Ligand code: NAD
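Take a look at this one chain, the form predicted on its own, written out in structure tokens.
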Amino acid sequence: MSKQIKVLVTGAGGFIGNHLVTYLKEQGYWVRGVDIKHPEFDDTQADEFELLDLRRWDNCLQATRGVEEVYALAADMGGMGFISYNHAQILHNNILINTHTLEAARVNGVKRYLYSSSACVYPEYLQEETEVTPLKEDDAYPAQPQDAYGWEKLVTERLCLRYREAYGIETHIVRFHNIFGPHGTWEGGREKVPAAFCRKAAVAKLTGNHEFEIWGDGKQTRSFCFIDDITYGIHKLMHSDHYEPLNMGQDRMISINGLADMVAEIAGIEIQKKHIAGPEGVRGRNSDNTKVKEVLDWEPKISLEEGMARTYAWIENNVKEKMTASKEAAQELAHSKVVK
């Protein structure tokens, strides 16, 4: 690009945010990353990285200074084990982050703003069967998200649309459908199902204990999209003329049992599934990608098998390192019960 555009990525210490920083740098942007923590598994490629709590208005003003574009990915979130038990915290923290960041971007004259929403905005009554009809963008209304995380995402979508109408800031809204890949959280309670299953399979392989705990009956269905497809799609959406919410994810559905079997095959082991009580989320969810194909000419290129193989290889290496580090760590991993 002839002029180096300055952009901000909030949530740059997180999984999608850190991958996005790297992608934008490869495209020639000057990038400021902001988060309350540094990336846990990689050095940041950002030109400038600031540790800021974006629940605070003054920090949002500081973060958005001097940039033309904002990719708003900061959020207090995690897998089902986290969002099912932290509704008040999630609603409080994310509303502060979202409203302060968008208003600060307006005050500082930001031209383009991309908000990262979620498939969690879709109504629970459309996701009660495993063989669910893929969700179209218009299906979000009448609204009835299952949890607080979905409600705060839906409200902020409306805020972005109103800011576009009232102030002329070019807002864009992406609804992510279960993004996964290497260099993300894989233990501790906030990890999502692909990472949790990769960890469980690696522990089973390395310890010889092939019991594999799964919350619920494992028949619940989801689609999962690899991170490299998403960073490309986000950038394309930011520079499009589409401003209504847009699905971005895989449109291939798989059961949780099926995902467990896939990871076991990648690891080269057989597992004994043990179904236990735990938060399951909606019964079924899949993305209708008709609109994103139409308006962006975008669709995922990396198969679920390839993406899971890449993710598993990275997580197995981390598990080996942790188990080698100490007996206590090995025992902790061997007895981990956190499976999404």
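From 1 onward, residues are counted along the sequence shown. All of these numbers come straight from a predicted model, not from anything done at the bench.
From this point on, the text means the form predicted together with nicotinamide-adenine-dinucleotide (NAD), which you will not see here.
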Heavy atom of S118 within 4.5 Å of nicotinamide-adenine-dinucleotide (NAD) in the predicted complex: yes
Heavy atom of R55 within 4.5 Å of nicotinamide-adenine-dinucleotide (NAD) in the predicted complex: yes
R222, heavy atom within 4.5 angstroms of nicotinamide-adenine-dinucleotide (NAD) in the predicted complex: no
Non-hydrogen atom contact K37 with nicotinamide-adenine-dinucleotide (NAD) in the predicted complex at 4.5 angstroms: yes
Listed residue (I90, A267, I97, I256) with a non-hydrogen atom within 4.5 angstroms of nicotinamide-adenine-dinucleotide (NAD) in the predicted complex: I97
Among the candidates F212, F226, Y149, W186, the residue which, in the predicted complex, approaches nicotinamide-adenine-dinucleotide (NAD) to within 4.5 Å (heavy atoms): Y149
One stretch from 149-157, 163-171, 198-206, 132-140 that, in the predicted complex, holds residues within 4.5 Å of nicotinamide-adenine-dinucleotide (NAD) by heavy atom: 149-157
Heavy atom distance at most 4.5 Å to nicotinamide-adenine-dinucleotide (NAD) in the predicted complex, all of V193, L304 and A309: no
Contact set, 171-203 vs nicotinamide-adenine-dinucleotide (NAD) in the predicted complex - heavy atom within 4.5 angstroms: F176, N178, I179, K192
